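Only one chain comes next, encoded as structure tokens, the form predicted on its own.
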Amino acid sequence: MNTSHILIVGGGTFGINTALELRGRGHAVTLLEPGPVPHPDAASTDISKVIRMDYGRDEFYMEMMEESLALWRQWNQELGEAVFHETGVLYFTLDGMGPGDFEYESYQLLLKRGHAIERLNSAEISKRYPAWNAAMYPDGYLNPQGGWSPSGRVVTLLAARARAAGVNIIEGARFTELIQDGKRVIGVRTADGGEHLADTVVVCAGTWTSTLLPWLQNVIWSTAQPVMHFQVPAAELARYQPPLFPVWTADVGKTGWYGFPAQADGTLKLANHGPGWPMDPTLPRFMPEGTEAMFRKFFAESLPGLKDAPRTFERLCFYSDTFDGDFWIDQDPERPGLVVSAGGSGHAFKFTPLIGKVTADVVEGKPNKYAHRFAWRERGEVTAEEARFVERK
């Protein structure tokens, strides 16, 4: 397509990367963000996100992550600081790895694709990762490819890069409605009464997507997931940092538990990637009662040295969940001029270097080898991401 003016709604991971990519292709790009960039309530505004290539039997996402990992390593050079800490990722299981389990299927697919991984038993876990109660976990593996990224910092760096490239980022511009000429979308109105016209509008609103575009509520909705930070004593810090304590999951397909190494100031993040709680992202956010007790129970059983660690922070991470766990990146078939790029479903951040490329190809009507998986679709059988829904009924 010829160069045009493109309006992007939302400045999180999806939005900022789409803006950068489209600007690099010669388009004039304006990005509207209801708060600052990064927005404090955005899912990507966090101290860390897991960068993993393990996806159960889903070879599509593993292949996509192989490409993404190379780009993350490239960004470490280009951005002038570490935005990908490649600690490796541990996968523990409570009952041993077996067919159908997320870990077993990931392990087999990694081997099939030629990746070097290390199988671990309780004795190895106890020896190499002493903070863990290895008796709980008889089986697992280490994938040395993977780690974590300081996600909020990444959005900040990419926003600076976008501004330098000529993207017009307007903060404090809250979407109220689409402007249409018949069925065709030609712009957006904002809460201050402003009208922003464009050739194409791209909604990258994360968990707020189905609030802004209510006709999507049957296929995309908001789900809140708990995140807490704990303080590791300085004397114990090395025990909870790589190589003794890399990024990890603890039978994540059944329990949802995953976490990160302690940072230099002793902050250790623990989170749950599970069914979560349906919540309205526009209402005040509150942690459900009993959540900290659930976290402490996990520590007491699996990481006993942390069972009394002070809690220093908590937040709800709001996912933009699709019914099938796949992203939603496509032209709206009923509204020419509107593209939706959302539906991260709690596992999109690791694809940050690719999301903008996929979305830009969709905007321009160009072929993209990943876009078919994220196309507009009717609600059907739940086939959600295996790391999260192995035991979901």
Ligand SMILES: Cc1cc2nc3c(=O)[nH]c(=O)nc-3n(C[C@H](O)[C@H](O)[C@H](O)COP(=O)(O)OP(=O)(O)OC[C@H]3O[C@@H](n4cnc5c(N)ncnc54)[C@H](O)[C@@H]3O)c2cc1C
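These numbers come from a predicted model, not from an experiment. Residue numbers run from 1 along the displayed sequence.
The same protein also exists as the form predicted together with the named molecule; that form is not shown, yet it is the one meant from here on.
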In the model of the complex, the residue from Ala198, Leu212, Leu120, Leu178 with a non-hydrogen atom within 4.5 Å of the named molecule is Leu212
Pick from Ile169, Val83, Ala134, Ala173: which residue has any heavy atom within 4.5 angstroms of the named molecule in the model of the complex?
Ala173
All of Phe14, Pro34 and Lys350 with a heavy atom within 4.5 Å of the named molecule in the model of the complex
yes
Can you tell me whether Leu22 touches the named molecule? I mean in the model of the complex, with a 4.5 angstroms heavy atom cut-off.
no
Give a yes or no for Ser68: in the model of the complex, does one of its heavy atoms lie within 4.5 Å of a heavy atom belonging to the named molecule?
no
Would you classify Phe92 as touching the named molecule in the model of the complex, given a 4.5 Å non-hydrogen atom cut-off?
no
With the partner left out here, check for me: in the model of the complex, does some heavy atom of Gly346 sit within 4.5 Å of the named molecule?
yes
For the chain shown here without its partner, which stretch in 286-294, 229-237, 311-319, 107-115 has non-hydrogen atoms within 4.5 angstroms of the named molecule in the model of the complex?
311-319
Within 4.5 Å of the named molecule in the model of the complex, counting any non-hydrogen atom, which residues from 40-54 show up?
Ala42, Ala43, Ser44, Lys49, Val50
